[in-house]
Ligand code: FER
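In the form predicted alone, a lone chain appears below as structure tokens.
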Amino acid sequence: MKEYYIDSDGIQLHAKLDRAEGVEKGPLCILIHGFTGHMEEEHIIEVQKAMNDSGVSVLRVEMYGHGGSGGTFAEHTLYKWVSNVFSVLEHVKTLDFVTDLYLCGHSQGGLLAMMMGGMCPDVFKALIPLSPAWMIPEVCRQGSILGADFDPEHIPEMVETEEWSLSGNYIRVAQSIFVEPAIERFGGPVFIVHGDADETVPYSYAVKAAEKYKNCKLVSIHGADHCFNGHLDELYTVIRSWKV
């Protein structure tokens, strides 16, 4: 494992590169956590291990305001995360062992993967959204986000719960995003993994996404919640068995 930082317009993104053992040249998967998440969460580590054991190297990166990266959580937005991924892609160009590039994200990271797939359909060979929270723009337009309610026509300076505080700019950005065009633009393989007991992002969103993608396989993990707690061995097996 190699740990380092990637510059993204002056913000330092914390990254860890885990090479697949015995693979001189091969595919690389960029792996991104979710809202309030980080690269050391158990489900993220399980995916990294499964990818490595499948011969895929993994670059875990923490986005703006999360984990060991720069920026504050309250000031993060999906546009800032998009900019972060473009910076990561510039870094990946310097890695001479990479043949194909995959993008995997959990929750808000899964939404990000869907967005980036539409922006860069010629860059990513495959997308792997895990419990993708692609309802975020929709619910922000309706006036809520993960337990916080607000007036969608008069966005407050801050949106807060007992666990976190967000700038109103997060809401303004999210309201401007429409995921369906990004789905339509990506024609490569998409592999969605979602727990059918997820109460944070309903499983129905995974079904809806799978129906809209041109080339998608959806695997449900029965009884699994949003972070696959208690089902990490199944998550490992599903990722380990996946083939492009």
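Note that the structure is a prediction, hence the values are computed from the model and not measured. Start at 1 with the first residue shown and count on from there.
Beyond the structure shown, there is the form predicted in complex with the ligand, which is absent from this document and is the topic of what follows.
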**Item:** 4.5 Å heavy atom contact with the ligand in the model of the complex for all of G34, Q108 and A133
**Value:** yes
**Prompt:** Can R19 be called a contact residue for the ligand in the model of the complex at 4.5 Å between heavy atoms?
**Reply:** no
**Message:** Even though the partner isn't displayed, in the model of the complex is F124 close enough to the ligand, meaning a heavy atom within 4.5 Å?
**Reply:** no
**Message:** When the contact criterion is heavy atoms within 4.5 Å, does V82 count as touching the ligand in the model of the complex?
**Reply:** no
**Asked** Is Y102 close enough to touch the ligand in the model of the complex, meaning at least one heavy atom pair within 4.5 Å?
**Response** no
**Prompt:** Tell me, which of V92, M158, V139, M119 has a heavy atom within 4.5 angstroms of the ligand in the model of the complex?
**Reply:** V139
**Asked** Just one of N215, S204, S176, T200 has a heavy atom within 4.5 angstroms of the ligand in the model of the complex, so which one?
**Response** T200
